[in-house]
Structure formats: C-alpha cells, structure tokens
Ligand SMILES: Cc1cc2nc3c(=O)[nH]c(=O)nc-3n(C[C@H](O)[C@H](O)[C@H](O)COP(=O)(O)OP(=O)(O)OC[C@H]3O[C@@H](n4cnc5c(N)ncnc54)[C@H](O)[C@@H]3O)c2cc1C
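Here you get one chain, nothing else, as structure tokens; it is the form predicted on its own.
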C-alpha cells in the first residue's frame, strides 16, 4: 500500500477536509469507551453521499486496504477499532432524515443519523410517533444500534431493534449499491418481505459484509402517559415465572431488572422495573393494581420510590452508564447476553461471583425482548481508564463471563474479537462453514472489518 497515493485518492473523493492520516486525527479512532486495547488506524475518511462510499470501497478493494465503518463509536466492545489497520469510514456527515411516513409508521434515514436527532425531529414534527431508542447517549446512530441487535424501551413489546428494520441500502465490497427489503421493488420502504430477505446478513455482522448507507426503521404510536411500577424480589429463582406471567397480561411496555451491591440497601435484591403506558390516569391505575397483585403472588413486593428516582428512569433515552461506574477513571464495559428466561437466576449468580472475584462491585441487569421470548442480560464491569492493570482486570472478567454465558446456553451480545472466537468455537460447524463461504464470496480480498468474525 502506498499511503501517499491512497490519501490523495481519498481526498479526491471526499475533499481534503474530510480525509486524513495525521496522528492527531487518527487518535480517537484507535480506541472506544470500553476496555479494548487500542489499535491504530491508517486513515479516517468521512463520506457525504452513497456515491462517495462506493468510490472509497472500490479504492480499498483495489488496494486491498481494510475498511471499518463507524457510526457513533459507542459499542464499547472494540467493533469499530481497526484490528488490522486501514481506513475507518466515519459516517457522521451522512446525517439526513430523508422521510417519515406517518401512516405506515417508518423513518428513512442515512447511516449517520443519531437517536437524539431522530427523537427530536419526531417530537417536533410527528409528536404522535416514537422511534426505538437504546439505553445509550443520544449520539448513538440509529443504523449502528439496529445492526447490532440493539434494544430499548419498546423492545419488550416489539423485539430487538434489528427486527425493526424495514429496508437497507448497502454498498458491498465490489462497490455496487444494493437495496434490500420492499424498497427493491417499491418506492415505499415499509417492509422486509414478501421477497427473499437478505437483511439479516447485515445484522450483527459488524461491518464484515458491507456498509449501510440508508436504513428504514419502524416507528410506533406514542401513548399520552407513561409511568413505572417497581417491584422488589429477594429470591432470584422466582423471577422467570413472575416475568413470564407479567408478559402474559400485556400490561407492560417495558420490563427491566436491576441488581447491584451499591448503595448497601440494594444488596441482595433484584429490582423489577415495569413501565406502563396509557391514555388516561384510570388506565394507568388499573395496570398498577394488576402489577401489585402479581408481585405479591410472585413472592415479591411493590416498592414505592422517590420521584427523583422515577424521573431518572423515565428519561428517554435512559443512559444506563449512570448506574455503572463505581470506580475512579470513568470506564465501564459489559457482557450483554441474549438468554432464555429460565437462565436468569443462574446468570445472576455467575455475574455476581465473577464481579467479586475481580474486585468489582456487582452491577447486573436485564431487559425483556419480544414479550418474554428472550432477555438481554448485562453484567457490567467498571474500571479506572488511567490504570492499565485495572483495564486488564475488566477484560479478564469479560472473557470469563463470555465463556460462562456460552456454557449455560446463552449467546454473548456484540462480543469483542475474543468473544467472537469463543462463539465460533461453540458454533455448529456447518453454520460456521456457511458464514465463511458468504464472506469469501462477497469479500474475496478480505477488506471488510477484518479480524471480526474471523472464521479459521
């Protein structure tokens, strides 16, 4: 690779202000907010149009230079830190909200549109609609979150955010632009079928298949009123049945679990946080009564919390990091795991034991996905970013947790490179063979975020 020639071509494509190989510009692209070891990029480029994305990928493919797409850069698990150097493609300039269809309830956005941007736009222009929003800063991108099976306050009812994708516009390593979903046939980006559905290839593939330039995401009616009904449980073994019973009633918009050892009064309890919505106060009261009764029957109890705590939990987005950092230095990372409900008591014990082993305050939680079909369970490990030993300690805890999750039957979510290898070791051999065949077919030069989902 001739770095000078590659930089010149990148500058010709996007302009000199939006391509660089200067160390001061590359620094922030060598790391993310998590515990992953920094890895240097060779170039950063910021395209403004799908055509520019195409030209950049054609250049990378011709020169066999790795290329890594980046949205908000907030996955925490190093997925946008280049494993093998190359070009980081920062999508922030592609930030147009192209269409909101209020009748069919979808938004068509470019890849750099953030959750905060879409939420603000809808609040101002379409106040009856709400988008799927994760528990993350508002700078997270809609596309990036949906493409990693993200979840948020609508996921208990409607599934993870990957399931909410109606259509994609993608650029493959050959530089060609493809439309997936109804947009391949119709002018409307309203559904994924009824044609062969290729969209799943790009979800949780971590940029190893292609680069998304546009995405259509489902929108949902916004209720007039929203509240929380807290429960308190001392016995984790009762949680699976209690949570399943709550989903059967269809009263919950969202269901969260929280377990942590600080402050001291929280130690030994699981907090059940059920969000309810309605059009009237009477409707909310009826749902409160149902939940209070269910808590009692489920060997738990209703808990009244101060308004200031309610206000924190009613934020949109509710930034989970507020409850995760118990160390100096401002760092935290977590293993997220998709699990069936029956594994909740076991994973609570696993996360607590691993946390204590590594001298980390136990901080665990879960969100229900798809009306109880799964739970996204997280085990958070805080660390001091200024202390390399402390960061190493967090990485070791993460690795142990990934192994434990796989052993009991769960699947680590948005796993870092080491976690991906653990998943691949456990994966059905023919699934792995198929994954390798698809990657080799679409990306014969191996330029797309190499090192991730690296099938040996």
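If you're wondering where the values come from, they're calculated on a predicted model, not measured in any experiment. Residue numbers count along the first chain shown, from 1.
The form predicted together with this ligand exists for this protein as well; it is not shown, and the discussion that follows is about that form.
Exercise. Which among 201 to 209, 187 to 195, 294 to 302, 123 to 131 is in contact with this ligand in the predicted bound form, heavy atoms within 4.5 angstroms?
Worked result: In short, 201 to 209.
Problem set entry | The single option of 341, 119, 74, 232 touching this ligand in the predicted bound form, heavy atom within 4.5 Å | None of the other options qualify; the answer is 74.
Exercise. Between the options 336, 351, 365, 150, which residue brings a heavy atom to within 4.5 Å of this ligand in the predicted bound form?
Worked result: Of the candidates 336, 351, 365, 150, 150 is the one lying within 4.5 Å of this ligand in the predicted bound form.
Problem set entry | Heavy atom of residue 413 within 4.5 Å of this ligand in the predicted bound form | Judged by the heavy-atom cut-off of 4.5 Å, residue 413 is in contact with this ligand in the predicted bound form.
Exercise. Is residue 137 close enough to touch this ligand in the predicted bound form, meaning at least one heavy atom pair within 4.5 Å?
Worked result: Output for residue 137 is yes: heavy atoms within 4.5 Å of this ligand.
Exercise. Does the 4.5 Å heavy atom contact test between residue 47 and this ligand in the predicted bound form come out positive?
Worked result: Outside the cut-off, so no.
For this session: Would you check, heavy atoms only and a 4.5 Å threshold, whether residue 145 touches this ligand in the predicted bound form?
Result: Yes, residue 145 sits close enough to this ligand in the predicted bound form that at least one of its heavy atoms falls within 4.5 Å.
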